[in-house]
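Okay, here we've got a single chain as structure tokens, the form predicted alone, with questions on binding and movement later.
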């Protein structure tokens, strides 16, 4: 299939591994899904310490389940990307461990206190849901299929994060103050979650033309603001003065995008943000720590003549 034919046919869940797709499509889809898979993994690593630090057994269990879900999402997405035939799952995991794999800006920042957890589990996961819901209509069917499961589970994550936020904002004055401070620190990063402004996006036009993306970065960002500014206020959070938010006559919102620190954003996009290097190095250390497990599994597979053992073995 040539590129023009792919653009003409592009529609929700239109293409599968049975289609002979042009290289441009396969590379663009791989880049997009690999980025998503890396982000699921790195988000899980950011939240993992709060399995221990959660203040109750119920919160510990919920965080444990959430981290397992996010790791599972990553593995599911690596398989969806691998089915395009450009990179193997192992190559993508190696790139992530070596600092070559890219992932979402929010997961480059350290998270140190419990009051920060709803910034990820409510606001960032809520932003992710805005984007992932549209990806259920992406043209690469394995990616869309993975989104069915991811969106179902992310819905629970957002509710969990909202419950933590509600608890903190109805707690002591100190908890309320600390949560507001965390919100002010994370708010600009969350708004940048959707990527560069449309005029600076280098991948959107092609991805949209072949049905990989359904909405632009700015469309998703504005839809998130419309939904989450009222929710933040509902729990007593004050929207920071910067970046400036303008309310239109119809009650929708838009951000003054020039108020955001795009130099920092693009430094992060290159994996050059100094505080985020600990996140990347942590992933590399984790991969090296379990290398013996992969070696054992691969050794068993070789001993079995390359055939995977049956579940009952």
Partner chain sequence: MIWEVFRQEKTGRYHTHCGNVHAPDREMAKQFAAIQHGRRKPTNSLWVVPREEIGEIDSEDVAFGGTTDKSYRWATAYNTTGTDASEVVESEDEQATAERQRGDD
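Positions refer to the first chain, counted from 1. Because the structure is a prediction, the values reported are computed rather than measured.
Below: the form predicted together with its partner chain, not depicted.
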*Residues in which of 139-147, 169-177, 76-84, 104-112 have heavy atoms within 4.5 Å of its partner chain in the predicted complex?*
139-147
*Give a yes/no on whether residue 219 approaches its partner chain to within 4.5 Å in the predicted complex, heavy atoms considered.*
no
*asked:* So in the predicted complex, is its partner chain close enough to residue 62 to count as touching (4.5 Å, heavy atoms)?
replied: yes
*Is residue 88 a contact residue for its partner chain in the predicted complex, using a 4.5 Å heavy atom cut-off?*
no
*Counting only non-hydrogen atoms and a 4.5 angstroms cut-off, does residue 68 reach its partner chain in the predicted complex?*
yes
*Quick one: from 99, 236, 155, 240, grab the residue that has a heavy atom within 4.5 Å of its partner chain in the predicted complex.*
155
*Using a 4.5 Å cut on heavy atoms, which of 191, 129, 182, 135 is close to its partner chain in the predicted complex?*
129
_On the criterion of a non-hydrogen atom at 4.5 angstroms or closer, are 163, 227 and 231 all touching its partner chain in the predicted complex?_
yes
